[in-house]
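Listed next as structure tokens is one chain, alone, in the form predicted on its own.
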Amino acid sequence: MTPYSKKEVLLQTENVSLAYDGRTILRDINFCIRDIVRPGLQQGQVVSLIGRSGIGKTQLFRILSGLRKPDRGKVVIRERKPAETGGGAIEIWQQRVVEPGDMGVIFQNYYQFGWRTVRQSLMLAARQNKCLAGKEESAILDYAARFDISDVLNHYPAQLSGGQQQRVSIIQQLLKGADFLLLDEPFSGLDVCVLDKVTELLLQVSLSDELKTLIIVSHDIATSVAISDTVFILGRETGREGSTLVKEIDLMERGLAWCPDVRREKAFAETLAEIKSCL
């Protein structure tokens, strides 16, 4: 098993509940995401929230992003901020309730402004990150090379493939500097070849920063398990209204995290069966 340790809580939901027109949608959602540390490696976190269609994933997605307030409970994040001292610049930490803009949100449709080129859209994102002041262009070129879109920087969204649009959307959020990336159904509608590229891309993003945390909201069980270190299952309990988290699966404990050939492992198939039984 790959050695690792869990450190500080980066995000925590506390009794999150939501109702609509008097009907409970989400009930008592409680989970936490911790900083995962692997010796000698810069390692971010990849967490999946899995549930069948209509279970409330979209509403939980909006609550986690800060775009919707729950009726009860809260989402708390651990935020790092630069500060100046007599000895120079340092990072300080604080915990607070999530607000709109705290998370890089990548929606399923990868919406882009049609009248801006890729370069213009990325520059707009980079200028929102104070840490990139004066270095925006070099950061754009670096990400474009790493994500294989250097040749389309002067193209407009209508000239891009779906996979290219997705990569542009991810780079936009990385340039903004958010520690959290929230992805809505990133594997939906992709053929096998593109799916492999997307999963490799997300793994690359998770390795870009120790505290970079990807939260994937999906109903694609196999791909989510293959890429994640932790899985939370959203489901319903007999006799109770609304969806809640019915199970947490630590893939690190099972030796399934960070495993290149994870799909060939017996424990992988067993885990998929276990998840399906909870849905």
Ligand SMILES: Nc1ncnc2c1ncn2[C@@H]1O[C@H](COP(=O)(O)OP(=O)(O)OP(=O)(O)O)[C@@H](O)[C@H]1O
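Keep in mind the model is a prediction, meaning the values are calculated, not measured. In case it trips you up, residue 1 is the first one in the sequence shown, and so on.
Keep in mind the form predicted in complex with the named molecule is missing from the figure; the text below concerns it.
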Which of 37-45, 246-254, 221-229, 52-60 lies within 4.5 Å of the named molecule in the predicted bound form, heavy atoms considered? The stretch 52-60
Please determine whether E185 contacts the named molecule in the predicted bound form, using a 4.5 Å cut-off between heavy atoms. yes
Interface membership of R264, the named molecule in the predicted bound form, 4.5 Å heavy atom rule: no
Should V16 be counted as a contact of the named molecule in the predicted bound form, where contact means heavy atoms within 4.5 Å? no
Please run the contact check for I25 against the named molecule in the predicted bound form: heavy atoms, 4.5 angstroms, yes or no? yes
